[in-house]
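Given as structure tokens, the chain that follows is alone and in the form predicted alone.
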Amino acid sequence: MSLAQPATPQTYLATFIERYTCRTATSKHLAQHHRARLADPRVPEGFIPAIKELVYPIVGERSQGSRLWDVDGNEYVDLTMSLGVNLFGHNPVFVQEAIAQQLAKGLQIGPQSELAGEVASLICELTGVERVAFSNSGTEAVMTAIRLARAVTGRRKIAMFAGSYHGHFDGTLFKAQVVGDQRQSVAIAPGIPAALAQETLVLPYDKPEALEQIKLHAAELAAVLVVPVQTTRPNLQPQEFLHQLRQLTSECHIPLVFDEMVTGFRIHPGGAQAWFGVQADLVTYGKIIGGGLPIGVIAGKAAYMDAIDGGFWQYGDGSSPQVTKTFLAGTFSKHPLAMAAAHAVLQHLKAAGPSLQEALNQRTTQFVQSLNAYLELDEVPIRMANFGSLFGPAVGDDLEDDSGADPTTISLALLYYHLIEQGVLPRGSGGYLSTAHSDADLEFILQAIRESVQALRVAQFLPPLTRL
């Protein structure tokens, strides 16, 4: 495909929009055709009036390994990997076979899944947690972890950190706002009860003042909730801060909750807890462990998890549940298909051992180094960072009031759409690598970035090179 450019940004943009929308015409048609009935929060994401005609999701038709095909027949090297779910690529054979076997047996909901106990045991073995419970999503898992912490401590307030995303539960949808010299928690969107802000502290991540605020409010805090490495700031990997946080919460008898939806089973079989050498009181998992099916996991120390079922007891003696229970329910929790997929994933991870993550982490680091070498040479004003196989823009530490979304410029937005046109499906400005991505895939991605940057520079959406 020729990347010859018109003379002005305006004419180039018009030509590119025509070319892109022609290439992905069915995706655009489906977005418009269903918009009146389908309320979809992803469709207006990144809306910029100047490129309004480009704002629609690519509609996928099939996928395999590192590749995805859309409804127009276009093939992509996929970096979204189902938003971080597919550590092994799309549709891995061992997950496909496990799901097919369970489908042949039926979908028994109500009776206990025959694999639930084995899945829980494998999670305990790989991560070091004591007990496990299941939900249908990451959001539900976080909600339950907070409820458990409140039930056991008898306190109400929670602390979380700016830049973290903990799902769409009302109780975590807050950001920090500084008025005068006072920090306040405010909702990130309409419809979230303002009263819940009184129960939530939003603190700066990896900052000494966050620890001081936790000390100040220790008697009120039911939990401190943390995403160890945020997807919006993969370069921020604060091991020392996490150790200080663990020491402080232990001294103050505050439950520490790790939200490991993304880092769980990705960076290490034991997740960020094992990577950073920090044992949380409660931890939540999802994404990778479900093998592509919806799942949430609440896990941790028995002292907190016992509030789900009353604690351990056994038959044949006088034992009985001794712990006061809180509430947990869900028709589709421990769904037979989700349990079958999770069992297959965990068995695969156990058999492979830490070398699976170690090799993938190293390949991603090398890819990011190559990408940064090009970005520096070609004077592109962005640098990338990775945490294991997650990579994205290296961001400064000034995101205290961030709600999880990076500022979007037209140049970055156009780079995103150019990559799609070139056959790369990114996750925003970054993505996830899987064990299915080949060296040829990574070179293809780098070449797509080079060609896209060249096109945007010629079209004057990026500044000219200063070097001769």
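Please read these numbers as outputs of a predicted model, since none were measured by experiment. Residues carry their position along the shown sequence, with the first being 1.
Unshown form predicted together with a small molecule; subsequent notes refer to it.
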(message) Partner absent here, but in the predicted complex, which of 302-310, 381-389, 71-79, 256-264 has residues with a heavy atom within 4.5 Å of the small molecule?
(response) 256-264
(request) Identify which of N91, Q237, T365, T139 has a heavy atom within 4.5 Å of the small molecule in the predicted complex; exactly one of them does. (result) T139
(request) Have a look at L282, V227, V297, V345 for me and say which one sits with a heavy atom within 4.5 Å of the small molecule in the predicted complex. (result) V227
(message) Can you work out whether G167 and the small molecule are in contact in the predicted complex, taking contact to mean some heavy atom pair no more than 4.5 Å apart?
(response) yes
(message) Even though the partner isn't displayed, in the predicted complex is K287 close enough to the small molecule, meaning a heavy atom within 4.5 Å?
(response) yes
